[in-house]
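A lone chain, given as structure tokens: the form predicted alone.
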Amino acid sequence: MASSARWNHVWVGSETGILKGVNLRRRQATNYVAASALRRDEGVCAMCWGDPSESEILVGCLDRSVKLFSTEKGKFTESRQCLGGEGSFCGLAVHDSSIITCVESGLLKVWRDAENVETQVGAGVCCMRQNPAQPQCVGTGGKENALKVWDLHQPEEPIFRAKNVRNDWLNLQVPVWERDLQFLPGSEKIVTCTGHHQVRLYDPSSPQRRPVLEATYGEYPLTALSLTPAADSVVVGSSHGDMAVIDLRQGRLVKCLKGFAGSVRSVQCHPTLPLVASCGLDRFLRVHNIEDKRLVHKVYLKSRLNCLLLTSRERWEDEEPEPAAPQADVKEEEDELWDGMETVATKTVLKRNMDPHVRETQLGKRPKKQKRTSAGP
């Protein structure tokens, strides 16, 4: 019998090493790591689908292990160590049954059964993304490490190396800090977001290697991005808890999505529906409607969240023919969590509600004598 895990709509990885599956229709979340097995050094730092049917999930952990989770079986089935380089995973992908990893020190590695392929993409890497249209191509970027596109069949040199923008008005070099990137479908264009609150669009087919479009949003580092279903806009999140939709045709702000209270770590749009899922350090999973900015779902997941995967299934209301196993409900609003807590009165409130005679006695003061009032002759 297949596991009910296959009906989860969002998969989330936490800093404590927990893989969480969230069923938005039933408002239920399940931890697929036992509480007794939690270890901080196994925190989830990267995730990707293991196959096109989304029946497998690859989970990259801080201890440099990559685990394979089966949504059909509802459990982890394999694990392997992917050592080499320094730092945590900044990207994870699959191509031709091979795992592609990239770490912060810049070691890009293809793990094959016969022979592993290694490439040095430069230090300070913050992101590595695969081109869905050309799975053998990946893009990398980081701090003082400009955008590069690599062909894993010929990894000696990048097939595209971005050029920094021109010097500023003081003739100083503009710092480079690529935080996330994605490939635009149907073209060679690449969109990136930076730690200096910039959104940049590159076109490798054009003669110039500099951005063909640049927009700025907010005042804080942008940490994650995702393309909207129409691929004409991008949703970006910042380290201050801001999230917005930026038009890639005119480079202007379209709308802001509200409700955040911490750094946004991961953003993913649904490929066809106008939905975007996001998670971050405030421990909430949120799903917004991009068209009307409505907050569709808000789920409290107890742990600081690093990354997520949103299913590409469309007709959620026609799913789940069999009853799910009994699980603890996930509260949709933080207010319910606070409402269930006992109210503790502060010292100021206690003093205010205390009898004046008792209050002054406890404070070491002599109670004031009440004035006598004349009752008449």
Partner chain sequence: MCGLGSMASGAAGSAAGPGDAARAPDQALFPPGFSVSEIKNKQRRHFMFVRWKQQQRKDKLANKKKRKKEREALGDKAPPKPVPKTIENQRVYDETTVDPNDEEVAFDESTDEFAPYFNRQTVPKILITTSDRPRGRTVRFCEQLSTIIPNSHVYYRRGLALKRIIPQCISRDFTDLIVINEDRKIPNGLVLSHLPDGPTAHFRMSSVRLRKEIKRKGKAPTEHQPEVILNNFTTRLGHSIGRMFASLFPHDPQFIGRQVATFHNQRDYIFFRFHRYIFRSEKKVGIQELGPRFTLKLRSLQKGTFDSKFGEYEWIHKHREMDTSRRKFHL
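Positions refer to the first chain, counted from 1. Predicted model, so just to flag it, every value in this text is computed and none were measured.
Although not depicted, the form predicted together with its partner chain is the subject of the following passage.
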TODO: Assess the spot marked by Thr223, His240 and Leu281: is its partner chain within 4.5 Å of a heavy atom from every one of these residues in the predicted complex?
DONE: yes
- [ ] Work out which of the listed stretches, 157 to 165, 112 to 120, 70 to 78, 258 to 266, brings a heavy atom within 4.5 angstroms of its partner chain in the predicted complex.
- [x] 258 to 266
Open item on the list: Under a 4.5 Å heavy atom criterion, is Val10 part of the interface with its partner chain in the predicted complex?
Closed with: no
Open item on the list: Can you tell me whether Leu301 touches its partner chain? I mean in the predicted complex, with a 4.5 angstroms heavy atom cut-off.
Closed with: yes
Task: 4.5 angstroms heavy atom contact with its partner chain in the predicted complex for Asn31 - done: yes
- [ ] Using a 4.5 Å heavy atom cut-off, state whether Arg39 contacts its partner chain in the predicted complex.
- [x] yes
Task: Interface residue in the predicted complex among Gly85, Pro271, Gly195, Gly124, criterion: non-hydrogen atom within 4.5 angstroms of its partner chain - done: Gly195
